[in-house]
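Okay, here we've got a single chain as structure tokens, the form predicted alone, with questions on binding and movement later.
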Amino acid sequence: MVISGGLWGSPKACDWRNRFGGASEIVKGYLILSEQEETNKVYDAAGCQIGSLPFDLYLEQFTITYYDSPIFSIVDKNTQQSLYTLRGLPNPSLELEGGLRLEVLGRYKNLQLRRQQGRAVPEEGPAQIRNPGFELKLLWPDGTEEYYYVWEQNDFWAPPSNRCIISYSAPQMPRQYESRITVRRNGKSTVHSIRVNHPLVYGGYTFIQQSWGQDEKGYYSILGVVSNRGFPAVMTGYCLVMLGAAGHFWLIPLIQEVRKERRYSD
């Protein structure tokens, strides 16, 4: 069963089924999905399309978790002296030395600023573009409030009268990638999560969280696609091998030993 399953799921057998059986199977390839986009096209390692799946995959959200924490640096604008270095995002505020308080007023996936009545107003930009940013406020002991805006790409903006410069360094050591996927087939939708070492098995294929990237639209997820043809037969064969080995080396000797003890007792 192991050999037959391996042969049935081999690239040559798939090629024969596609050529003579009118099938359109894919043995191995890659799916590239941007957030809020849908596709069923599969590509090879060179980026050439090799086929399409019989269902569509829609990427709702791609999430990266990190080992390290984001870093916020507060520097005196006049002396260029570092005042504070914070690891992690204050939630929602943090009391600093000297009576200074840092507050997080807003988090944005695509932070944009517009002018309204002479002051900057933050807002969420188009969803298809990813440029994470934060609106921060420094509250000084004398009651002065200063507003700052920082982006993941180390951009910074604040009114000229502010006393400090705040920079933001995004985490750099990814721990886990996760794609939240909606599979759409024949008018029905199901939601799945694909992570590293936690693949999705669906519709005769296994989807693996292969890699990721970032472009002008934001993050995109790269999923490995592998056909499951012959996999049930292979796994059944291995289970039979394990059962046979357990019976041959453990169960049968145990039964023989029990029978031997009964004969001696009689």
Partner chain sequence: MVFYALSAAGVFFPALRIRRLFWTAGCIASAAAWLFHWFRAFGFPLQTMFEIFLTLGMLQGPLSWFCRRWLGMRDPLSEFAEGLLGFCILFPAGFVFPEHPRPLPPALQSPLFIPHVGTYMFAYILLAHAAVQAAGGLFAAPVQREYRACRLVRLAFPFLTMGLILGSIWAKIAWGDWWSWDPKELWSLTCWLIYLAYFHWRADFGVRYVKANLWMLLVGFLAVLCTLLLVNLSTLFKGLHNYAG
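Positions refer to the first chain, counted from 1. Take the two forms, find the largest set of C-alpha atoms that superpose within 1.5 Å, and that set is the rigid core. Keep in mind the model is a prediction, meaning the values are calculated, not measured.
The same protein has a further form, the form predicted together with its partner chain, not shown here; the description that follows concerns it.
For the chain shown alone, residue 70 is not a contact residue for its partner chain in the predicted complex, no non-hydrogen atom being within 4.5 angstroms. Put simply, residue 141 is far from its partner chain in the predicted complex: not one heavy atom of it is within 4.5 Å. Contact check for residue 176: a heavy atom falls within 4.5 Å of its partner chain in the predicted complex. At the 4.5 Å threshold, heavy atoms of residue 222 stay clear of its partner chain in the predicted complex, well away from it. Not one of 58, 166 and 180 places a heavy atom within 4.5 Å of its partner chain in the predicted complex.
Proximity to its partner chain in the predicted complex, taken as heavy atoms within 4.5 Å, picks out 230-238 from the listed stretches 230-238, 31-39, 213-221, 48-56. Of the residues in 100-118, none comes within 4.5 Å of its partner chain in the predicted complex through any heavy atom. Relative to the superposed core, residue 241 undergoes a C-alpha shift of no less than 2 Å between this form and the one not shown. If you fit the rigid core between this form and the one not shown, you'll see the Cα of residue 232 move by 2 angstroms or more.
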